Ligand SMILES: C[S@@+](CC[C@H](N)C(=O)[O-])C[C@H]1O[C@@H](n2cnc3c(N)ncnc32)[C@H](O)[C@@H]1O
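Heads up, the chain below is alone and in the form predicted alone; it's given as C-alpha coordinates.
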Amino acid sequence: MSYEQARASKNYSSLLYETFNPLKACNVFILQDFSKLKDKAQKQAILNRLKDYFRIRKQLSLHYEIAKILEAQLREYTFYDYGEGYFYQSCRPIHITGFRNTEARIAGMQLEKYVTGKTVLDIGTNAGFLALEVAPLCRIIEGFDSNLYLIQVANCVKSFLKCDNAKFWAGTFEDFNHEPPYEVVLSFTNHSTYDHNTKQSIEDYFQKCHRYVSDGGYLLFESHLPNYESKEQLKCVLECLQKYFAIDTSYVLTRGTQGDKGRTFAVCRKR
(Lines give C-alpha, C1' and ligand atoms only; values in the text may rest on other atoms or scores of the structure.)
Protein backbone atom coordinates (compact mmCIF):
# COMPACT_ATOMS: atom_id res chain seq x y z
CA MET A 1 0.00 0.00 0.00
CA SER A 2 1.38 3.40 -0.99
CA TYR A 3 1.45 6.43 1.31
CA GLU A 4 -1.26 8.07 -0.80
CA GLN A 5 -3.48 5.00 -0.69
CA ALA A 6 -3.04 4.64 3.06
CA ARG A 7 -3.76 8.31 3.66
CA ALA A 8 -6.81 8.29 1.38
CA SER A 9 -8.29 5.26 3.14
CA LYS A 10 -7.26 6.47 6.62
CA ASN A 11 -5.58 3.06 7.03
CA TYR A 12 -3.01 4.42 9.46
CA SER A 13 -2.25 1.06 11.05
CA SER A 14 -1.10 -0.56 7.79
CA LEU A 15 0.98 2.47 6.94
CA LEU A 16 2.55 2.46 10.40
CA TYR A 17 3.23 -1.26 10.38
CA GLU A 18 4.62 -1.52 6.84
CA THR A 19 6.99 1.43 7.08
CA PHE A 20 8.09 0.63 10.65
CA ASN A 21 8.72 4.34 11.07
CA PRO A 22 6.08 6.01 13.27
CA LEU A 23 7.16 9.58 12.69
CA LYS A 24 7.40 9.22 8.91
CA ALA A 25 4.07 7.41 8.79
CA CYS A 26 2.33 10.20 10.66
CA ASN A 27 3.91 12.99 8.65
CA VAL A 28 2.40 11.68 5.44
CA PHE A 29 -1.15 12.55 6.40
CA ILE A 30 -0.42 15.31 8.90
CA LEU A 31 1.49 17.55 6.50
CA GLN A 32 -1.18 17.26 3.82
CA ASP A 33 -4.32 17.17 5.95
CA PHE A 34 -3.57 19.17 9.07
CA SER A 35 -3.84 22.60 7.45
CA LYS A 36 -7.23 21.70 5.97
CA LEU A 37 -8.84 21.00 9.35
CA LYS A 38 -10.83 23.79 10.96
CA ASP A 39 -11.92 21.96 14.09
CA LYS A 40 -9.47 22.60 16.97
CA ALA A 41 -10.23 19.28 18.65
CA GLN A 42 -9.46 17.32 15.46
CA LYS A 43 -6.20 19.23 15.03
CA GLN A 44 -5.22 18.49 18.62
CA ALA A 45 -6.02 14.79 18.11
CA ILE A 46 -3.63 14.65 15.13
CA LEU A 47 -0.90 16.45 17.08
CA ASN A 48 -1.34 13.99 19.94
CA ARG A 49 -1.00 11.09 17.50
CA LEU A 50 2.19 12.54 15.98
CA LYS A 51 3.82 13.09 19.37
CA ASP A 52 2.96 9.61 20.59
CA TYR A 53 4.04 7.75 17.45
CA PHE A 54 7.47 9.29 17.84
CA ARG A 55 7.82 7.63 21.26
CA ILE A 56 6.38 4.17 20.62
CA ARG A 57 9.03 2.39 18.58
CA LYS A 58 9.45 -0.38 21.17
CA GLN A 59 5.67 -0.79 21.42
CA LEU A 60 4.91 -0.70 17.72
CA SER A 61 3.03 -4.00 17.56
CA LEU A 62 0.72 -2.89 20.38
CA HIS A 63 0.00 0.44 18.71
CA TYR A 64 -0.59 -1.32 15.41
CA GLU A 65 -3.39 -3.32 17.07
CA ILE A 66 -4.78 -0.21 18.73
CA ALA A 67 -4.74 1.70 15.44
CA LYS A 68 -6.72 -1.09 13.74
CA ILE A 69 -9.36 -0.85 16.46
CA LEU A 70 -9.56 2.93 16.01
CA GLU A 71 -10.05 2.47 12.28
CA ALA A 72 -12.89 0.00 12.87
CA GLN A 73 -14.47 2.52 15.26
CA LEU A 74 -14.18 5.25 12.62
CA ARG A 75 -16.02 3.06 10.09
CA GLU A 76 -18.63 1.46 12.30
CA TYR A 77 -19.34 3.42 15.49
CA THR A 78 -22.29 5.76 15.01
CA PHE A 79 -22.18 7.67 18.29
CA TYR A 80 -20.00 10.62 19.26
CA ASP A 81 -16.28 9.83 19.50
CA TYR A 82 -14.91 11.62 22.57
CA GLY A 83 -11.34 11.13 21.31
CA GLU A 84 -12.01 12.75 17.91
CA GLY A 85 -10.33 9.82 16.14
CA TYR A 86 -7.64 9.27 18.78
CA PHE A 87 -8.04 9.15 22.59
CA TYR A 88 -9.99 10.98 25.27
CA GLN A 89 -7.75 9.68 28.07
CA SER A 90 -3.96 9.59 28.29
CA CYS A 91 -2.01 6.44 29.14
CA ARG A 92 1.54 7.12 30.28
CA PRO A 93 2.82 3.48 30.30
CA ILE A 94 2.22 3.14 26.54
CA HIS A 95 2.90 6.77 25.56
CA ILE A 96 -0.63 7.82 24.60
CA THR A 97 -1.70 11.43 24.94
CA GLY A 98 -5.38 12.16 25.39
CA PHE A 99 -7.51 15.25 25.79
CA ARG A 100 -7.54 14.48 29.50
CA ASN A 101 -4.46 13.86 31.64
CA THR A 102 -4.91 10.60 33.53
CA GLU A 103 -1.98 11.13 35.91
CA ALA A 104 -3.16 14.63 36.83
CA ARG A 105 -6.68 13.37 37.45
CA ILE A 106 -5.46 10.57 39.71
CA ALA A 107 -3.33 13.02 41.69
CA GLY A 108 -5.96 15.76 41.83
CA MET A 109 -8.64 13.39 43.10
CA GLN A 110 -6.22 11.64 45.46
CA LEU A 111 -7.39 8.28 44.16
CA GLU A 112 -4.59 6.37 45.86
CA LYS A 113 -6.18 7.27 49.19
CA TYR A 114 -9.54 5.77 48.22
CA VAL A 115 -8.87 2.78 45.97
CA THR A 116 -5.85 1.10 47.60
CA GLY A 117 -6.73 -2.48 48.52
CA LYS A 118 -10.36 -2.00 47.45
CA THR A 119 -12.77 -3.57 44.96
CA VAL A 120 -13.54 -0.83 42.44
CA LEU A 121 -16.06 -0.29 39.64
CA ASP A 122 -15.36 2.31 36.93
CA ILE A 123 -18.60 3.38 35.24
CA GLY A 124 -18.03 4.47 31.64
CA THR A 125 -14.37 3.49 31.71
CA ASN A 126 -13.74 4.75 28.14
CA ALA A 127 -10.52 2.99 27.00
CA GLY A 128 -9.79 1.91 30.57
CA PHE A 129 -6.62 3.96 30.86
CA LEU A 130 -7.45 5.50 34.24
CA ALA A 131 -8.53 2.10 35.58
CA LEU A 132 -5.29 0.51 34.36
CA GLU A 133 -3.19 3.27 35.96
CA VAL A 134 -4.74 2.67 39.39
CA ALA A 135 -5.09 -1.11 39.03
CA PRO A 136 -1.78 -1.85 40.83
CA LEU A 137 -3.28 -0.14 43.89
CA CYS A 138 -6.63 -1.95 43.82
CA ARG A 139 -7.56 -5.42 44.91
CA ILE A 140 -9.84 -5.70 41.88
CA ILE A 141 -10.98 -3.07 39.39
CA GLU A 142 -13.69 -3.60 36.80
CA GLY A 143 -14.84 -1.19 34.13
CA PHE A 144 -17.39 -1.08 31.35
CA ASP A 145 -18.31 1.26 28.51
CA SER A 146 -21.01 1.35 25.87
CA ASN A 147 -18.34 1.74 23.17
CA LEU A 148 -17.23 -1.78 22.22
CA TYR A 149 -14.16 -0.50 20.38
CA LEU A 150 -12.79 1.31 23.42
CA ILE A 151 -13.28 -1.85 25.47
CA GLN A 152 -11.28 -3.74 22.85
CA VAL A 153 -8.49 -1.19 23.32
CA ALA A 154 -8.73 -1.55 27.12
CA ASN A 155 -8.37 -5.33 26.93
CA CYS A 156 -5.52 -5.05 24.42
CA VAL A 157 -3.57 -2.70 26.71
CA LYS A 158 -4.46 -4.77 29.78
CA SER A 159 -2.87 -7.84 28.17
CA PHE A 160 0.22 -5.87 27.15
CA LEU A 161 0.68 -4.53 30.69
CA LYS A 162 -0.09 -7.96 32.20
CA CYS A 163 -2.67 -6.39 34.51
CA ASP A 164 -4.40 -9.44 35.96
CA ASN A 165 -6.67 -7.71 38.49
CA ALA A 166 -8.52 -5.58 35.91
CA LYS A 167 -11.57 -6.65 33.91
CA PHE A 168 -13.37 -4.78 31.12
CA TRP A 169 -16.56 -5.43 29.20
CA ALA A 170 -18.90 -3.57 26.85
CA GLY A 171 -22.35 -2.51 28.01
CA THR A 172 -24.47 0.28 29.45
CA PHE A 173 -25.21 1.06 33.07
CA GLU A 174 -28.90 0.50 32.38
CA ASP A 175 -28.12 -3.14 31.53
CA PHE A 176 -25.52 -3.57 34.27
CA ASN A 177 -26.33 -6.49 36.57
CA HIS A 178 -23.20 -7.68 38.35
CA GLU A 179 -22.61 -9.00 41.83
CA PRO A 180 -21.29 -8.41 44.43
CA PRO A 181 -21.30 -4.69 45.34
CA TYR A 182 -18.04 -2.73 45.23
CA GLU A 183 -16.25 -0.87 47.98
CA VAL A 184 -15.63 2.09 45.65
CA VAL A 185 -17.58 3.16 42.55
CA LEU A 186 -16.07 5.73 40.19
CA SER A 187 -18.62 8.03 38.55
CA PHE A 188 -16.48 10.31 36.45
CA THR A 189 -18.69 12.49 34.21
CA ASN A 190 -21.09 9.62 33.52
CA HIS A 191 -24.26 10.74 35.32
CA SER A 192 -25.18 12.22 31.91
CA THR A 193 -23.40 12.04 28.56
CA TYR A 194 -22.65 14.33 25.62
CA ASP A 195 -23.73 11.69 23.10
CA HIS A 196 -27.01 10.89 24.91
CA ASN A 197 -26.11 7.23 24.57
CA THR A 198 -27.59 6.50 28.00
CA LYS A 199 -31.28 6.66 28.78
CA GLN A 200 -31.61 6.61 32.57
CA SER A 201 -32.56 9.70 34.54
CA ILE A 202 -30.18 11.28 37.05
CA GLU A 203 -32.37 9.86 39.82
CA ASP A 204 -32.20 6.35 38.34
CA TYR A 205 -28.47 6.68 37.89
CA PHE A 206 -27.64 7.52 41.51
CA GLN A 207 -30.16 5.04 42.83
CA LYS A 208 -28.38 2.29 40.89
CA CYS A 209 -24.97 3.57 42.04
CA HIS A 210 -26.24 3.25 45.61
CA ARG A 211 -27.15 -0.38 44.98
CA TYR A 212 -23.63 -1.20 43.81
CA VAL A 213 -21.72 0.53 46.59
CA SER A 214 -21.20 -1.76 49.57
CA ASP A 215 -22.19 -0.67 53.08
CA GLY A 216 -19.54 1.75 54.31
CA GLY A 217 -18.30 2.23 50.74
CA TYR A 218 -17.83 5.32 48.59
CA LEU A 219 -18.96 6.87 45.35
CA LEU A 220 -16.30 9.15 43.86
CA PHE A 221 -18.05 11.73 41.69
CA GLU A 222 -16.70 14.06 39.01
CA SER A 223 -18.88 16.64 37.27
CA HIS A 224 -18.84 17.82 33.69
CA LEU A 225 -17.06 21.01 32.73
CA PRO A 226 -18.89 24.20 33.79
CA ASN A 227 -19.59 25.19 30.18
CA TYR A 228 -21.54 21.93 29.75
CA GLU A 229 -23.05 21.63 33.22
CA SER A 230 -23.95 25.01 34.70
CA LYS A 231 -23.87 25.81 38.42
CA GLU A 232 -27.64 25.47 38.54
CA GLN A 233 -27.57 22.11 36.78
CA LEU A 234 -24.75 20.82 38.98
CA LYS A 235 -26.65 21.93 42.08
CA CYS A 236 -29.62 19.81 40.97
CA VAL A 237 -27.34 16.85 40.26
CA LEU A 238 -25.73 17.06 43.70
CA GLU A 239 -29.10 17.40 45.41
CA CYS A 240 -30.18 14.17 43.75
CA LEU A 241 -26.89 12.47 44.64
CA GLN A 242 -27.34 13.39 48.30
CA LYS A 243 -30.56 11.41 48.54
CA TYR A 244 -28.36 8.32 48.42
CA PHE A 245 -24.92 9.50 49.53
CA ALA A 246 -23.46 11.91 52.08
CA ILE A 247 -20.77 14.17 50.64
CA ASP A 248 -17.72 13.97 52.89
CA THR A 249 -15.68 16.47 50.88
CA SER A 250 -15.84 18.28 47.55
CA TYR A 251 -13.66 20.73 45.65
CA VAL A 252 -12.93 22.08 42.18
CA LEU A 253 -10.13 20.30 40.31
CA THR A 254 -7.21 22.48 39.22
CA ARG A 255 -4.69 20.00 37.73
CA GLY A 256 -4.29 18.68 34.23
CA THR A 257 -5.52 19.99 30.89
CA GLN A 258 -8.29 22.44 30.09
CA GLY A 259 -10.50 19.38 29.82
CA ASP A 260 -9.70 18.51 33.44
CA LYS A 261 -9.71 21.84 35.26
CA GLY A 262 -12.87 23.37 36.67
CA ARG A 263 -14.77 20.17 37.28
CA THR A 264 -16.21 19.48 40.72
CA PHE A 265 -14.99 16.36 42.51
CA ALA A 266 -16.82 14.86 45.50
CA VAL A 267 -16.14 11.98 47.87
CA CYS A 268 -19.53 10.51 48.74
CA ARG A 269 -20.26 7.99 51.47
CA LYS A 270 -23.17 5.57 51.11
CA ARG A 271 -26.14 6.43 53.32
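Bear in mind that the values here come from a model prediction, so they are computed numbers and not experimental data. Residue positions are given as counts along the sequence shown, with the first one as 1.
Missing here is the form predicted in complex with this ligand; even so, the following discussion is about that form.
Residues placing heavy atoms within 4.5 Å of this ligand in the predicted complex fall in a single listed stretch, namely 146-154, out of 146-154, 177-185, 91-99, 159-167. Contact between residue 103 and this ligand in the predicted complex is not found at the 4.5 Å heavy atom cutoff. Proximity of residue 114 to this ligand in the predicted complex falls outside the 4.5 Å heavy atom cutoff. Interface residue remark: residue 82 is counted as part of the site for this ligand in the predicted complex, having a heavy atom within 4.5 Å. Mapping the unseen interface onto this chain, residue 229 falls outside it, with no heavy atom inside 4.5 Å of this ligand in the predicted complex. Residues 188, 189, 190, 193, 195, 197, 198 are the ones in 181-216 with at least one heavy atom within 4.5 Å of this ligand in the predicted complex, listed in sequence order.
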